[in-house]
Structures are given as structure tokens and as C-alpha cells.
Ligand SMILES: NC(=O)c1ccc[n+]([C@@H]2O[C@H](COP(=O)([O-])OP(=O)(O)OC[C@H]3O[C@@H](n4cnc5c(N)ncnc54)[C@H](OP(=O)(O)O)[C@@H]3O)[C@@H](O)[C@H]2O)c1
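One chain is shown next in C-alpha cells, namely the form predicted alone.
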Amino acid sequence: MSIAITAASGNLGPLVIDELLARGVRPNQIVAVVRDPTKIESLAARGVSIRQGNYDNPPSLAAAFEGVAKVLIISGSEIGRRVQQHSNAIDAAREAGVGLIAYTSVLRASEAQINPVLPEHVGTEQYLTASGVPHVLLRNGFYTENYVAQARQALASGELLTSAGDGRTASATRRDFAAAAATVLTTPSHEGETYELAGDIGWTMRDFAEALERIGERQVVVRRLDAAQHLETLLGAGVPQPAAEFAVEVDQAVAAGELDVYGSDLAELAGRPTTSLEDGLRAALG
């Protein structure tokens, strides 16, 4: 049985491959699918099969998935183009006769309304369901590593801007999510399941600031704003409007509870408690 991992040169893919190898999957049973094979020569040196595959090039995906039993489709990063790209991968997997697709979606995709990344994940889920290919949805919450830039800025300035109010984010590390994905890919009875994957403990921006204070050994003040003030402040600081609007929308999703704890699927699949915010930040900040 071979397992293909798309976006294998990104942030999540290599960690999933590490987890598969740790679970005893032989290197030659793992297919790392990447746009540029030269980026993962270290995996090739470990015996992992490397195949070129591009979400924008369906024939390349069909070739990459040939003979593969399971595929993990890791969502792309090109916002605005992802539904078509993911659909290309789903079509290629169906044509190759893949037995199971696992897709990294977003937490609470069926009920959340504000999270700005929702529409493309919902569109992909709908396309995957209509494809008829057996599948499992890995609805990932936010990665702790997503907050590294904000953490560095707060440590440098001593101030943390937020319009999330007292909303909580149940983040976990990419390695936590990778462990869950590897379990789904290597154990039976996941077909048709939807896993809501979030950290064990939700944290507020005050908790975030306190973790940074312990890590950086300096005071970090939380500056609470409403959404309009937050957007104005970011734009005034030179943040491009799309990025500023995205940041504010994320905070509004947090305020609405869309990224808070949602069951224990992640810890159960990973086989251990999820990594705490502080431990995750310490590791990510280096």
C-alpha cells in the first residue's frame, strides 16, 4: 500500500512523512508529491519516492497518483484559486483509482460563518463529496506557528493588538496535526469520517501575551480594539489592505468562538495531549 502526500515540500507535508516513517511505513511506500522535486532531496535520500505534481497541472497529478492507495491532499496556499486546484487533485485521484482521500479542511466548516478561509474549504468539501471518492475530512484548527510573526512583533514592540475580545483559539502545532493525519492514513475505519481537530485548551490574547512575557522576559500589553479601529490601525502601520482585512476577520472569527476547543479528536488521533501554546511558541520562535 502506498500513500501520497501532496504539498510535500511545505510546512505540514514533511512532518506527516516523518510521522508515517515513525509508524513503520516503509519509505518506498510513501510518495511525496511536489512542484519542485529538488526542494526535498533530503526525503529522496531517505528512500521516499518523489514525484512531480502541480495543482495547476492535472496531468502531472494523474501521473503522481498512479498506483497510490491513499492520498493526503494538503490545502494549497493560493487564496482565491484553491477550489479549482483542489478539484484538480480530487479528479486526478479519482482517475487514478485512489481508495481514500484525506483532505485538510478548516475547523467547524459546516457551521462557522466568519472565518475568512471558510469559503474555499467548504467548496472543496462539497466537490470532494460529489466526486464519489471515499474520503475523510481533517478539519484543522489554527496552527500555533501561524502566530510567530505576531509574537515577534509583540515582543519587539511590547504591545499586542487585537479585536478578538475574550474569544479563545484552540491552536496546536503542525506536528500535532501531522500526527493525526498519519493515524488516519495508517489505520482502518476512517472513511466517511469528519474530524474536528483543535488543541486541548483554548487561549485568549491575554493568555498569548502572558506566554510571550514568560518567553521573552518582558512585558507585553494587550491593546483591545474594535474591528474598525483594528483595521484602521493596521492600515496606518502600512499593512496592505487585503492582509489587514484578513487579520481583522480572523479576530472576529475568534471572538465568535469559531476557533475554540471542539471535542478531543486531535488528541485522540495523535495519541497524546496536544502541545500547549507556550511550548509551541517556544519551539517555533527558536
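Numbering starts at 1 and runs along the sequence shown. Here the structure is a predicted model, which means the values were calculated and not measured.
Keep in mind that the form predicted together with the named molecule is not shown, yet the notes after this line are about it.
Student: Could you check which residue among S163, N140, T124, T169 gets a heavy atom within 4.5 Å of the named molecule in the predicted bound form?
Tutor: Flagged contact: N140.
Student: Within 4.5 Å, heavy atoms only, which of L100, V184, I74, A109 is in contact with the named molecule in the predicted bound form?
Tutor: Looking at the other structure, the residue within range turns out to be I74.
Student: Heavy atoms within 4.5 Å of the named molecule in the predicted bound form: which of the stretches 250 to 258, 225 to 233, 63 to 71, 33 to 41 has them?
Tutor: After filtering at 4.5 Å, what remains is 33 to 41.
Student: Does any heavy atom of Q150 come within 4.5 Å of a heavy atom of the named molecule in the predicted bound form?
Tutor: Looking in the predicted bound form, residue contacts with the named molecule do not include Q150, since no heavy atom lies within 4.5 Å.
Student: Would you classify S49 as touching the named molecule in the predicted bound form, given a 4.5 Å non-hydrogen atom cut-off?
Tutor: Judged by the heavy-atom cut-off of 4.5 Å, S49 is well away from the named molecule in the predicted bound form.
Student: Do T173 and the named molecule share at least one heavy atom pair within 4.5 Å in the predicted bound form?
Tutor: Heavy-atom contact with the named molecule at 4.5 Å: absent for T173.
Student: Does the named molecule get within 4.5 angstroms of any non-hydrogen atom of S131 in the predicted bound form?
Tutor: S131: no, not in contact with the named molecule in the predicted bound form.
Student: At 4.5 Å, heavy atom to heavy atom, what parts of 20 to 56 sit next to the named molecule in the predicted bound form? List them in sequence order, or say none.
Tutor: Residues within 4.5 Å: R35, K39, G53, N54, Y55, D56.
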